[in-house]
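In structure tokens, one chain follows: the form predicted alone.
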């Protein structure tokens, strides 16, 4: 009898293990058919349950104690003709932003070298354009090639791209192209009117067709409703393939923009957005992006627990304040987080990062602006 009982227990344990394994596999299946009802249900989960689900999925797909680190440089600042209501770089908004012309390739390379020494594995270059002009493309392509030669991953955000421009960037070796959807299709016209939501989707199609990886996310805290945050994530998750990188930005309010005095987003709503993004896009890097200066260490830690595994190093994000690099290193040490390395990069180690970030003599290259 005892042997039979033990055998039954063993069989039951094996069945339970199989079910758990199958459940874990189902958690990480990529889907491109999310609907509003089920995404709203995710947002409505009890907070602890949502965090547990997001962290479980995160651990199935990533090292939970590694964060990918990028640096963002503004290569051309201000005078953008678009009317984005959140942006200090729009020529239509009355901000105190100092306009800058396109940086020389040598300046960009200097900034990229410095970023690598500080521990960044990806160098992102942003220009305040509606779309790049043909006269600018040779300089932009040289920037990509030069940064790529340093052994870093490259990313650019230059506005809308034609098929030909996307092909040129891919030919130069660009790894990622960033083009955010910003907000839901339903809320979009309340924020931007000078380009359509479909324009953004068309650029992402051109990027993907050219062979580059996609970096695309959005901004929360734009006065949108909770259903708009769900709708934005549906648009991103239902792209096929899903974006490899998904930046979730919290609005950085800038004087002189129409959204300067909008109510702050509740912190838990932002963390929920990170968690739901992780659940819906299990294989993507979810970037804790603009707005981190308004977050204390505890909130950032909750975002990492919810599945965020990418940040920007450096004191500036285009024109938005960003935590100093040494503050991020200190937080990483408190949380036991390591920086993610690029495959094949054997030079970089945590010791190099810690010693290299001590002085940031060239921070003038990174413009103070808002994303």
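Residue numbers count along the first chain shown, from 1. Small disclaimer: the values here were computed from a predicted structure and weren't measured.
Note that the form predicted together with a small molecule isn't included here; everything after this is about it.
- Of the candidates 281, 169, 111, 128, 128 is the one whose heavy atoms come within 4.5 Å of the small molecule in the predicted bound form; the others do not.
- Only one of 219, 237, 275, 144 lies close to the small molecule in the predicted bound form, with a heavy atom inside 4.5 Å, and it is 219.
- In the predicted bound form, the small molecule sits beyond 4.5 Å of every heavy atom of residue 122.
- Within this chain, residue 292 is remote from the site of the small molecule in the predicted bound form, having no heavy atom within 4.5 Å.
- Contact check for residue 252: a non-hydrogen atom falls within 4.5 Å of the small molecule in the predicted bound form.
- The small molecule in the predicted bound form is not approached by residue 116, whose heavy atoms all lie more than 4.5 angstroms from it.
- Of the candidate stretches 263 to 271, 132 to 140, 242 to 250, 145 to 153, only 242 to 250 has residues whose heavy atoms lie within 4.5 Å of the small molecule in the predicted bound form.
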